[in-house]
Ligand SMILES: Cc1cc2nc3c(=O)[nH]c(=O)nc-3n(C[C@H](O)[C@H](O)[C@H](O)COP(=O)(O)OP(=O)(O)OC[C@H]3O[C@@H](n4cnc5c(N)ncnc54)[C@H](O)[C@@H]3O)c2cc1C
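The chain below stands alone and is given in structure tokens; this is the form predicted alone.
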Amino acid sequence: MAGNFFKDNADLQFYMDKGIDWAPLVDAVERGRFGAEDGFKDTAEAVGFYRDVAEMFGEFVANEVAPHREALDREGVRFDAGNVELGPTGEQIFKKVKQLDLHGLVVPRELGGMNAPMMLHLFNSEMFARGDVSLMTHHGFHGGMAAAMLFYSVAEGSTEFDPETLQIKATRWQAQIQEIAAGKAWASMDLTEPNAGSDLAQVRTKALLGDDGVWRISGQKIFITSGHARWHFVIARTEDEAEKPGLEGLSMFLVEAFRPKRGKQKEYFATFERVEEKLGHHASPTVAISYDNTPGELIGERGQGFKLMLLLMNNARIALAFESLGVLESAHRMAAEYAAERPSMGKTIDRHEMIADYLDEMRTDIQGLRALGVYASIHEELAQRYDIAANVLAANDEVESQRYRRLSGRHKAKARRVTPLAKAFGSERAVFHAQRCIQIHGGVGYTKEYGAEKLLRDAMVLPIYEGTTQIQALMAMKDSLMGIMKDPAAFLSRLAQWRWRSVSARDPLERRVAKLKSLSLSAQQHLMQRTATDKLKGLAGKPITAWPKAFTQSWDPKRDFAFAMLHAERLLWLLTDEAIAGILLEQAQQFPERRELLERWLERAEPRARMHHDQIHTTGDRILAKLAEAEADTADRATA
């Protein structure tokens, strides 16, 4: 009997059948076209279609991808005289994906796609990553990049809609979107440079506007996933650094790296310099690219590059949470199957207490991460689609346009809060549990016989790309503390409410979740109080009349948030534990069968939260003193 990565996953089916309120998402995707000739008659029919696609893809990955992991890993990617190609097994798999018409899954019908929500694409991505994560990384750049082209065009006003049906009549990059949807081309996101990784302010690739009105890009980009693509989103510096330094001087461009000619011939406008030799992800091309006066099309306005990049990055980070889910599922199932068959000391090792605990933790982390990923995906997608609706309606119905902008803002805030948590938690647990999978296999886990070592090699990059775990921690910390600074009274009220619920709620599980949230808020309060205290110390010697402005406006994150930056990752895990607990509590209140999952999550999360809360309150001064001493020594040597 053929396998199926959707049908064998009860938790994934829970979200498809019950755990997601599909109505607002389907309505936003369909744009009110229920009953149209090319649409669905209602939400139920749309969700039925989504389920059919998920079942079909689950069977495809189980039978056409997963059995070829070893070959994909062994064959890798071919690089010859600037030409990059997948190995023969990867090429065959993508020919079959193309035949299934899945490259255009999220592309609107008017542009040749299936008009599905991004949520379905992410479910498929999880299953694909469970089959082979390196190939999934390559596949993931189809729907996301085509959708980004459309979103960018709408945002800049270069997409024309029918005011009655809201259908797309024309869009700026229509040919490119249709080409990607048909599986005839790839697209990639080119950010990283030799001296600009996490710090994009150091980008040195330049774009100059010629007298002929054409922008030309020059510079090198490295570590570019699917960097052999035809179409590239490129961040480049367009402004004078003296006038607009750092991120303010960056713009975004769509660049054509090559143009197909007869047969397999290509006319190149950029140079693919090399394919990186990596620890894992062998079937995913990671390419270094050089641009030399390569023509590009400006997206949006000059100086908007970083802002536009965030749209791609937010989607990519949520997608990476689902990519991590695929690794986690594979690690858990591989470990559980081996443990159920391996006898030791009179019983199979899954009956040994420690191994049973390991497997239970893996299962719990998977379900917690999926809850967080689904929450982030839904709110991010609704925010983006409501933004599009607001832009389309702005000219004819300002009242309705503003309503959509308010809706978008609310969903955007929810997505922003959890996106760094999902990316960080998923990627770190993927590494942790891939290592656990090897440990459960024992000596054979260190060999290539079962594939456990490949999972670990593939997982190791997940906490690094699309923003390191440390970057996610700093983002979450900054948002938390800046939120307190904007409205301290609201924060204190929220802290008091959760503390009260931790003793007054009738449901014991709700009391436990409230206690977890109280610990998180208490840690945030301590970080803010310590940050404020350190800021006040820095005002010594300044006239008292300068204090209000210095305290309320003149904040230097690198200087004033030192204590909070030290503890940012601990805060990240606290925020993650309480966020997932809150989501699971809402599920348990609606679906009683989810209470068991919440209990399992709290059993793991509560001791972790107490530890991180205690570390934030009691540690850090020694490290900060050591850093301050080193900085003082450096300053003394500079002035000597």
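In case it trips you up, residue 1 is the first one in the sequence shown, and so on. Because the structure is a prediction, the values reported are computed rather than measured.
Beyond the structure shown, there is the form predicted together with this ligand, which is absent from this document and is the topic of what follows.
Chemist: Heavy atom within 4.5 Å of this ligand in the predicted complex: which of Ile224, Leu369, Leu72, Ile299?
Modeler: When this ligand is considered in the predicted complex, the option within 4.5 Å is Ile224.
Chemist: Heavy atom within 4.5 Å of this ligand in the predicted complex: which of Ser198, Ser344, Gln92, Thr533 fits that? Just give me the one.
Modeler: In short, Ser198.
Chemist: Hey, with this ligand in the predicted complex, do Met189, Lys278 and Thr468 all fall inside the 4.5 Å heavy atom range?
Modeler: Affirmative, all three are within 4.5 Å.
Chemist: For Thr286, is any heavy atom within 4.5 Å of this ligand in the predicted complex, or not?
Modeler: Yes.
Chemist: At 4.5 Å between heavy atoms, is Leu474 in contact with this ligand in the predicted complex?
Modeler: The answer is yes: Leu474 has a heavy atom within 4.5 Å of this ligand.
Chemist: Since only the chain is shown here, I'm wondering whether Leu135 would be in contact with this ligand in the predicted complex (any heavy atom pair within 4.5 Å).
Modeler: No, no contact at 4.5 Å.
Chemist: Is Ile464 one of the residues lying within 4.5 Å of this ligand in the predicted complex, judged by heavy atom distances?
Modeler: Residue-level check for Ile464: yes, a contact with this ligand.
Chemist: Would you mind picking out the stretch of 374 to 382, 257 to 265, 319 to 327, 224 to 232 that comes within 4.5 angstroms of this ligand in the predicted complex, counting non-hydrogen atoms?
Modeler: Every other range fails; the passing one is 224 to 232.
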